[in-house]
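Only one chain is shown below, in structure tokens, and it's the form predicted on its own.
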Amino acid sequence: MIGIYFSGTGNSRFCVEYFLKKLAPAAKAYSIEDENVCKELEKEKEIVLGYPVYYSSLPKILQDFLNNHAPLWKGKKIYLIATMGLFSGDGTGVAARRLKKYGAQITGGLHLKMPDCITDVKLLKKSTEENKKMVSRAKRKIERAAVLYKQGKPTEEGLNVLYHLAGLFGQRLYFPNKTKSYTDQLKIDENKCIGCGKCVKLCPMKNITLKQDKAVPGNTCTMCYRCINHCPKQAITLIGKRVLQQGTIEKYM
């Protein structure tokens, strides 16, 4: 067994690693950005796949990863973990339907509420203490899920038709194009930017470059908010106009 994940601020990575720790301590987890991830996928039959949910859909970077490596999923047994800040609907289901087309067997699904990575929308912000409690609740849920998996009764959150309808009518119908393509809406305030290059190194899409000691965004942002949460000058925004509260999983442990 191995874990595979895509993670913007560390939530999905943490959840996959914690699940493996409780289920199969010797198992390792790999980011889809790891150059060895496909080689490791080829070796293993049992996979735990974790990722965040955006607008009840998969991040575009993960969609592309699943599609571009379609032959690797044939015959795999995959347990899905979806993380979200507020609402997921069929967070695991959106990946399950795609993976089944590629010949995978879905062994279960788990939905976990985690601190929201969107730092520039006031409505989504919670206090540090609230986020710490949220992570503690997620850990307990993961522990229960690991026990059930060992007992041969894995959780199946997000996988039936009711979840599918919840995801469809909850968000996807109202935001149909949000994750169908990458976005060019990432904004970097050149007056705040100090040209440290941190965002350039962190971006999973290589969507940010340095020009004349200033960070410049491209048009292939996957909305992971990684750069926004790590920028030391809070110079980067995406949905909102200013950064309200930065945070990564380490802050809430």
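A quick note: this is a predicted structure, and the numbers were derived from the prediction, not measured. Each residue number is its position in the shown sequence, starting from 1.
The next section is about a form of this same protein that is not shown, the form predicted in complex with a small molecule.
For the marked spot (52, 55 and 118), a heavy atom within 4.5 Å of the small molecule in the predicted complex is present in each of the three residues. Think of it this way: in the predicted complex, the small molecule has a heavy atom of just one of 162, 86, 173, 123 within 4.5 Å, and the residue is 86. Checked against the small molecule in the predicted complex, the candidates 47, 32, 223, 66 yield a single residue with a heavy atom inside 4.5 Å, and that residue is 223. At least one heavy atom of residue 114 is located within 4.5 Å of the small molecule in the predicted complex. The small molecule in the predicted complex is approached by residue 8, whose closest heavy atom lies within 4.5 angstroms of it. Contact with the small molecule, judged by heavy atoms within 4.5 Å in the predicted complex, is confined among 102 to 110, 70 to 78, 152 to 160, 86 to 94 to 86 to 94.
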